[in-house]
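Read the single chain below, which is given as structure tokens and is the form predicted alone.
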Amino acid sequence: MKAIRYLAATLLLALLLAALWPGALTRTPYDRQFRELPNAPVSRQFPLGTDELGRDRLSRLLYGTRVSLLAAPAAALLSTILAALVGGLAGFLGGWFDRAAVALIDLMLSLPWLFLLIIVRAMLPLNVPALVSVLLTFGLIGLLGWPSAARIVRAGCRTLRCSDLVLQARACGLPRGRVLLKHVLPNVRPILTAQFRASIPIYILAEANLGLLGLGVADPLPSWGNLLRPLESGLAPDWAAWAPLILMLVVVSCLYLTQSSKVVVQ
């Protein structure tokens, strides 16, 4: 099992390096259109052919991989920070704040997370610049993905609130904020780390679902979501159009394989 995790981590690192420096594999810009070669087959010039607008599929796949592999961890970090703040404060402070936080967490968990994400995204402007659409899509995913992690963090902080470590720190005159940051949250760091790592593949798939519906990253900037749209509409002319789906499945599988058995599943 350890060898499989090392192999998955090596493959992820290679894909990340290829996505960060796509110029090493192709020098064609992702938005350049070869209007005389729409839906071109696989060739030396276009290893994955071109799409219906004559854009190089390999170039778009590499840049789309960069968007997903960088933005999904950023969204996971945002949701982890929110979970630490809300769950940590709720479990540590107790009282009315704890009751209000629990009510909010239960309300958000009672709603289908993906449907809630689609509804909220559909209510926001769709005609936005490509870079703004990246920030909007993954920022929204991060803002809506914290409740399940917050509930686990709250339970851990609630247990630590009456521990000898916290009671001694309070007896020494440390303010509540410092006790929370220096003594409580570090003890729930394994929970936060596991939630962060488990969220990345979930958020990659969430963006892909939004992209299939036309609510994700906007053209011409590629992402795995909008690269999969030709498959949904039946416009994929050959096997090379399935490359984004295959690559996404490989990355998500590798992310799960590299996680330890102690990962907390959302």
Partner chain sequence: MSLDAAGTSARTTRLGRALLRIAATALAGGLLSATMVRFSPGFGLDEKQLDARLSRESQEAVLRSHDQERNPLRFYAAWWKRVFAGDLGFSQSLNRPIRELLADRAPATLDLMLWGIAGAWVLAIVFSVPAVMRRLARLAAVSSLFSGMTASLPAAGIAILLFRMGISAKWMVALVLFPRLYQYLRNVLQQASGRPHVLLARAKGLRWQPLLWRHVLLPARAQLIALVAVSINMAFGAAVAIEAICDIPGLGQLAWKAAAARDLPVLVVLTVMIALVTQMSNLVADLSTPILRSQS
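Residue numbers count along the first chain shown, from 1. Between two forms, the rigid core is defined as the largest C-alpha subset superposing within 1.5 Å. None of these values were measured; they are calculated from a predicted model.
Same protein, other form: the form predicted together with the partner chain, not shown, and the subject of what follows.
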Contact label in the predicted complex: V67 to the partner chain, heavy atom within 4.5 Å: no
Distance check, A122 to the partner chain in the predicted complex, heavy atom within 4.5 Å: yes
Non-hydrogen atom contact A171 with the partner chain in the predicted complex at 4.5 angstroms: no
In the predicted complex, S43 touching the partner chain (heavy atom, 4.5 Å): no
Every residue of G94, F97 and L185 near the partner chain in the predicted complex, heavy atom within 4.5 Å: no
Partner-contacting position among A74, L167, A155, L109 - heavy atom within 4.5 Å of the partner chain in the predicted complex: L109
Contact residue in the predicted complex, from L135, L143, L85, I118 (heavy atom within 4.5 Å of the partner chain): I118
Contact segment among 101-109, 76-84, 189-197, 173-181, judged by heavy atoms lying within 4.5 Å of the partner chain in the predicted complex: 101-109
Exceeds or equals 2 Å, Cα of M248 between this form and the one not shown, core fit: yes
Closer or farther in the predicted complex: C-alpha pair S253, A9 (3 angstroms or more): closer
Comparison of CA distance in the predicted complex with shown form for V250, G139, at least 3 Å: closer
